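Okay, here we've got a single chain as structure tokens, the form predicted on its own, with questions on binding and movement later.
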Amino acid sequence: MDPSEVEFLAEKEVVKIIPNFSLDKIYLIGGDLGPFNPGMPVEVPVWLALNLKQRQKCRIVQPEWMDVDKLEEIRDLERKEETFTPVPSPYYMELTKLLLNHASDNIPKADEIRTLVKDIWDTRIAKLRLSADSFISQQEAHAKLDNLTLMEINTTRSFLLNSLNCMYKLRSNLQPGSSRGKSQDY
């Protein structure tokens, strides 16, 4: 799975919008949306919120977790803890990117939020790299991936898979009685 596919999944997350138009309920395969009344908040998927925002049909309400004070707490906790702490949303990085790129005028302190989320991301990726390095150097066979997001796992997936494949090949060649590791003279 590549980052664009993870971003596609993130677009299914729900956000609040304040529409400036009237429309009855919309019946979609994924569920009913609306009704839409001017000035009345309604929850919709991110993909629809961004579409309506681009057409100037709504204002996007920032998610509760996208607050400078809350993000500072999360960043500080992430820096203190050795393990991965729970994140505010399974798609926090993707949602921040989408909402700040397309609706930064609706989100107060957008630059601070962008910086804080980047700090959280950098801290978590650094932890992930250290964990992967430790995992490989200790020749572990399995790992626990609690509190990681799909994008974070995707970031190290190819590195871990290649490393584990190399470790497997090395182990199978070093096994006693393995005919693979011995050279054969003809």
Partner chain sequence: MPCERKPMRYGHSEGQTDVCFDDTGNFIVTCGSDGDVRIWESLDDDDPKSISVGEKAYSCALKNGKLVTAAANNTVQMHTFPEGEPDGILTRFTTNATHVAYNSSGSRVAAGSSDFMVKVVEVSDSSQQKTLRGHNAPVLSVTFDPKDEFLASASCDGSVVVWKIEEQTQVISWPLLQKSNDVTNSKSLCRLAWQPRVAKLLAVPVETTVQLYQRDSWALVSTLSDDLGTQPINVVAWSPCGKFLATGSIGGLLTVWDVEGKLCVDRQKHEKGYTVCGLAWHPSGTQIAYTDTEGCLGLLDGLSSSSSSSTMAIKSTKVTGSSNLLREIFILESGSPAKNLVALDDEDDDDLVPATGRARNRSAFLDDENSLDPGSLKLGLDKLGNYEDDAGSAIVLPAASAAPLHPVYEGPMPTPHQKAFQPGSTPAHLMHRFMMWNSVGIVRGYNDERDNAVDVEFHDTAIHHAMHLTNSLGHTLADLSHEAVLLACPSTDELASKLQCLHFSSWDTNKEWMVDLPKGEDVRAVCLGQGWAAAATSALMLRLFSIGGVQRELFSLPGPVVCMAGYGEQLLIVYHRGTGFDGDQALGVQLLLFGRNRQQVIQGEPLPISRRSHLSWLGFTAEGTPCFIDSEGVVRLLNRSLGNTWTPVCNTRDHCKGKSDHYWVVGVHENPQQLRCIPCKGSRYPPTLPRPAVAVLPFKLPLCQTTTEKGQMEEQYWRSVLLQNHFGFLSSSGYEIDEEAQSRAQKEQQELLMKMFALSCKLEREFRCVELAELMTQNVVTLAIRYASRSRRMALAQRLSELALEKANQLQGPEEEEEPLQYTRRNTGSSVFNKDCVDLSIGLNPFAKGSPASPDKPSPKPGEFHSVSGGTGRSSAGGQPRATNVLDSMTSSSRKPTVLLGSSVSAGKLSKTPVLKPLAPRPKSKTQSTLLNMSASKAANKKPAEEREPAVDRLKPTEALPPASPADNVENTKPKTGFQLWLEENRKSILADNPDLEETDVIKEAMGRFRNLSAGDRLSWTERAKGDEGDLKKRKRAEESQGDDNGQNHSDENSAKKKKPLDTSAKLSAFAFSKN
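Positions refer to the first chain, counted from 1. Keep in mind that this is a model prediction, so the values were computed, not measured.
The form predicted in complex with the partner chain exists for this protein as well; it is not shown, and the discussion that follows is about that form.
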Partner-contacting position among I26, V68, M40, L161 - heavy atom within 4.5 Å of the partner chain in the predicted complex: M40
Y168: touches the partner chain in the predicted complex, heavy atom cutoff 4.5 angstroms: no
Exercise: N173 in contact with the partner chain in the predicted complex, heavy atom 4.5 Å: no
Contact of K118 with the partner chain in the predicted complex (heavy atom, 4.5 Å): no
is_contact(K53, the partner chain) in the predicted complex, heavy atom dist at most 4.5 Å: no
Candidate stretches 45-53, 147-155, 31-39, 125-133 - the one whose heavy atoms come within 4.5 Å of the partner chain in the predicted complex: 31-39
Any residue of 20-38 that, in the predicted complex, places a heavy atom within 4.5 Å of the partner chain: N20, F21, S22, N37, P38
